[in-house]
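Only one chain is shown below, in structure tokens, and it's the form predicted on its own.
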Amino acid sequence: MQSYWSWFGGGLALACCFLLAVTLVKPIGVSTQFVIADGVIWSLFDSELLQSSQDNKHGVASPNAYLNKSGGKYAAAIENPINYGFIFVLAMIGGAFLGSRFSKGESEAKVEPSSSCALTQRPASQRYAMAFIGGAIVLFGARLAGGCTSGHMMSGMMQTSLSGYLFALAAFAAAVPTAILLYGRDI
């Protein structure tokens, strides 16, 4: 039997993490780090991707319009990728690993889906592939929108941003019917 935090305890812990991050550093958001990681890899093969620039706000320019936007903000982050966002992503991975090691009961990998819907009865490799594809689609949408659910919804609502509340409403308006469609009403 797996031991989980209650919804209240987990929500309180998450709220404390967000409050600390916003108070001490800046709001949380991680999808930009995928752009930075792509740019770091790209710069290994293209020496002209990043160029010094006195005209850009951040002192770095790129012939790629996306990396050059906001005064070369992304280009500067690619030139020096060890920043708050990078450390935050590493901390998330480390926290997930520690959480899996310190949780009580069986490991999550041994637990089979409990739902009787056809989607969860597929082989594990198919479920993992579908989860990966879904994650890639969500990441594409996050970058298209200029930020992820962490930045738009969670950090946005914490800062009482109207756009954060609207995004949360839209996300749940799409997620709940999709879950019911895929898994049925027994979720």
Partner chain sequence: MTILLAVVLGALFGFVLQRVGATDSKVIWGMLTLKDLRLAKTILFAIGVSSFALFAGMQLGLIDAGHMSVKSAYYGVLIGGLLLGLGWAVAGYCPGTGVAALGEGKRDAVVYVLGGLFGALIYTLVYEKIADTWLFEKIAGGKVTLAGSDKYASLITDISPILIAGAFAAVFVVLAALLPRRLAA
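Numbering follows the first chain given and starts at 1. Note that the coordinates shown come from a computational prediction; the quantities given were computed from them, not determined experimentally.
There is also a form predicted in complex with its partner chain; it is not shown, and the following applies to it.
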*Between the options Q51, S43, S150, N56, which residue brings a heavy atom to within 4.5 Å of its partner chain in the predicted complex?*
S150
*Contact of A61 with its partner chain in the predicted complex (heavy atom, 4.5 Å)*: no
*Though only this chain appears here, would S47 touch its partner chain in the predicted complex if you measure heavy atom gaps against 4.5 Å?*
no
*Quick one: which residues from 148 to 172 get a non-hydrogen atom within 4.5 Å of its partner chain in the predicted complex?*
C148, T149, S150, G151, H152, M153, M154, M157, M158, Q159, T160, S161, L162, S163, Y165, L166, F167, A170, A171, F172
